[in-house]
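In the form predicted on its own, a lone chain appears below as structure tokens.
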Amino acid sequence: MSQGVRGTRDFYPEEMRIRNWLFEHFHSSAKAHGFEEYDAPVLETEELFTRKAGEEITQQLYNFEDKGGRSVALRPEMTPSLARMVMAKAGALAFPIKWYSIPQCWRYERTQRGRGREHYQWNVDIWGTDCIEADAELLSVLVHFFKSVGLDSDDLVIQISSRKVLEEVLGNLGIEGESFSQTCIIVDKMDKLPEESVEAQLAELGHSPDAISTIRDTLSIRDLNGLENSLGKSSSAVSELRSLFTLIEGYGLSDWVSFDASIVRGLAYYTGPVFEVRDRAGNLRAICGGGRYDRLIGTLGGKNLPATGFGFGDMVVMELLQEKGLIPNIGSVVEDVVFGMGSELRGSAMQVAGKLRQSGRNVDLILEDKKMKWIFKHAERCNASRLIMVMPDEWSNGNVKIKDLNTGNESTIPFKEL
């Protein structure tokens, strides 16, 4: 039983240090923009995640019946839990709210590079305002993070569109309601499936060859002028996107973004601007994605409230950082290694370690009798800066011996001055 469940990960200390480093950048980028952290249970009612039958996410649930006969599921994403929390206290919250979290999420799907069956996902959301400035703020959070870990606009591109583009195109074709939602799910897979497979699935929904051709032509547009020519100058999708790109320019983020009409996002609850982040080399799946979802609470039985946000998994970005050589070599947290020479000095060594810890140092105390060669090797593995030795002669005079592991210098100082 030396292996865990397929699709899950163990984090040994050296891997945990890297994970903490990544999460610290998630935390600092969100906090730099005034977001506050929240959390929710990993276990939720199954009903929370089954809003729309046919969504890919409903087919990937880790769901089961608990001992009380209730249908529950491990969360596959955080947004529905957030919506539930907002609904519960909507009358008491001061909107807009800017919240973030780094939850562990579970999806039963085929494991592949950058995707397991469990992952951590940085979620950043703004609730209670329909202004386009909120969507621009999210993009600023993303770029702040990318810069903080050493990535730049030559490495990444934020591809932006709006669900309103597809709404207008399909609306002109008379495609609405459930057919619209199903079309979005299929279109979201266009870059993952063969062209004939996508066309076959669209045809199964009852779309004519002309309609399919119109959908394809529109979703191939890569600039706003071309979109305006297609949808007309009165298009609300074009107007909204132009406003967003103007704000992006004001933030100084223009080099990071591009318009791509094919970005629609598969989840049914998106309503406005949507985006995905991809590596410019095209070697990886989407690094993160998000958008506006003003009608989510309505699908859960509450009163709709404007909202926008993104989900950012921890796995794909680590692939990119590894590829770019940007993952730092992070040593152990140990600063001092303390040992007592002989079992009779074990209590004295504990006294020394305790004093150092009280002063704020990170201290590893050698718990057994070990040879000096082993102790020096252990201190090297820990990447400690000092070795504190409690030796019989020195301790009898109230002193300890210190070896600076960076310079090799040794000194003897009174314990009281340590």
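Fair warning: this is a prediction, and the values are worked out from it, not measured in the lab. Sequential numbering from 1, following the sequence displayed.
The form predicted together with histidyl-adenosine monophosphate exists for this protein as well; it is not shown, and the discussion that follows is about that form.
This chain is displayed without histidyl-adenosine monophosphate, yet in the predicted complex the stretch 289-297 from 148-156, 249-257, 289-297, 225-233 comes within 4.5 Å of it by heavy atoms.
Within 4.5 Å of histidyl-adenosine monophosphate in the predicted complex, a heavy atom is found for all three of His119, Asn123 and Tyr269. Out of the listed residues Arg107, Lys164, Lys98, His207, Arg107 is the one that sits within 4.5 Å of histidyl-adenosine monophosphate in the predicted complex by at least one heavy atom. Gly313 is the sole member of Pro306, Pro103, Gly313, Gly340 with a non-hydrogen atom within 4.5 Å of histidyl-adenosine monophosphate in the predicted complex.
In the predicted complex, histidyl-adenosine monophosphate sits within 4.5 Å of a heavy atom of Arg265. Within 4.5 Å of any heavy atom of histidyl-adenosine monophosphate in the predicted complex lies no heavy atom of Glu323. In the predicted complex, histidyl-adenosine monophosphate sits within 4.5 Å of a heavy atom of Thr79. Under a 4.5 angstroms non-hydrogen atom cutoff, histidyl-adenosine monophosphate in the predicted complex lacks Arg242 among its neighbouring residues.
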